[in-house]
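Listed next as structure tokens is one chain, alone, in the form predicted alone.
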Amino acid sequence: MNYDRPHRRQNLLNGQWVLVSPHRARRPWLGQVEKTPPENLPAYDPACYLCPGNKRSEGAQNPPYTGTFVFDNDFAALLLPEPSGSKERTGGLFIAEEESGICRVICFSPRHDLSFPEMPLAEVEAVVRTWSEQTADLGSRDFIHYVQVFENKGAMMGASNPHPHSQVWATGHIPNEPALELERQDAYYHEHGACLLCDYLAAELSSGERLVAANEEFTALVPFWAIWPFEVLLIANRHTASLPELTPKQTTGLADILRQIVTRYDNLFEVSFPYSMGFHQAPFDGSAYPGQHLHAHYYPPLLRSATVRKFMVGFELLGMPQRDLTPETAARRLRELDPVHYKLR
């Protein structure tokens, strides 16, 4: 097939399609392309509600923590179940049902100015262990069926505080995106007797053209069906269902590959690269999911420079997602970047 002509590609994980229009990458661009001024964040900010010892918005005071720090979100989107245990649901044309859950914040470190690329590997490992521990803890609650670990980095992606942190939301139902992926992975497993992402990863490793970075335990690549310009899919090399199942060796490997991905992101336009990322893992609803394979999605908005982003508008909102830069070109650009962070050269 001629991938230089407009074509569409199917996302194996959710069944949706994306329109790829490589010829449009040659059209003239009249917008601004410029670098943003370098960030000069302090190691400690007395006005930051996430820094050690500071008071948060709702009045609680942070302890003088020296590693990762976890607390219940002061403005949680979910609440604990009613003490009565009753669950309301409406029917007819106005369908709604009660949703309970727990929302937590995980600060990566006491340093206000350091994100993953500049943190020592041991400290990133500590974050990975915290994600695993929080997943196991929340997943053990009888009213929790799914645990979503995610990070929004940068104001462009809605992060309200630059202090490096992530979140974990535990819900009583499986959210839309992981539910779609679970359905597709389950169908593939029952049809082929094999794991969808295990087979997909083997095919990508054989091709090599969309690979970004890899180590013994994890592989980062631009998926064949990527929507965002420099989207990355992170896949465990060994069949693993969830974060709590990670071995010590996998934990180290995951910490290493996380740093590799975000270092390349920052080096692309020499800026603290914004993105939303999150892990998709096995639910805690008591059912078996033999086809579920631990992976993470990175959705960064930047397109041409530190100030030019991709917008999902028009045809993309009303029809289907569309991209100009091919996934193969995006992967090559990320793969060829210096693995050393630009601030540390």
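A residue's number is simply how far along the shown sequence it sits, counting from 1. All values derive from a computational prediction rather than experimental measurement.
One more form of this protein exists, namely the form predicted together with a small molecule; it is left out here, but the text below deals with it.
Counting only non-hydrogen atoms, which stretch in 193-201, 151-159, 248-256, 126-134 is within 4.5 Å of the small molecule in the predicted complex?
That would be stretch 151-159.
Give me the residue from Asn73, Thr90, Asn215, Ser207 that has a heavy atom within 4.5 Å of the small molecule in the predicted complex.
Partner contact (heavy atom, 4.5 Å) among the options: Asn73.
Contact residue in the predicted complex, chosen from His239, His165, Arg184, His112 - any heavy atom within 4.5 Å of the small molecule:
Going through each option in turn, the one that passes is His165.
Would you say all of Tyr49, Ser57 and Val105 touch the small molecule in the predicted complex, counting a heavy atom within 4.5 Å as a touch?
Yes, all three are in contact.
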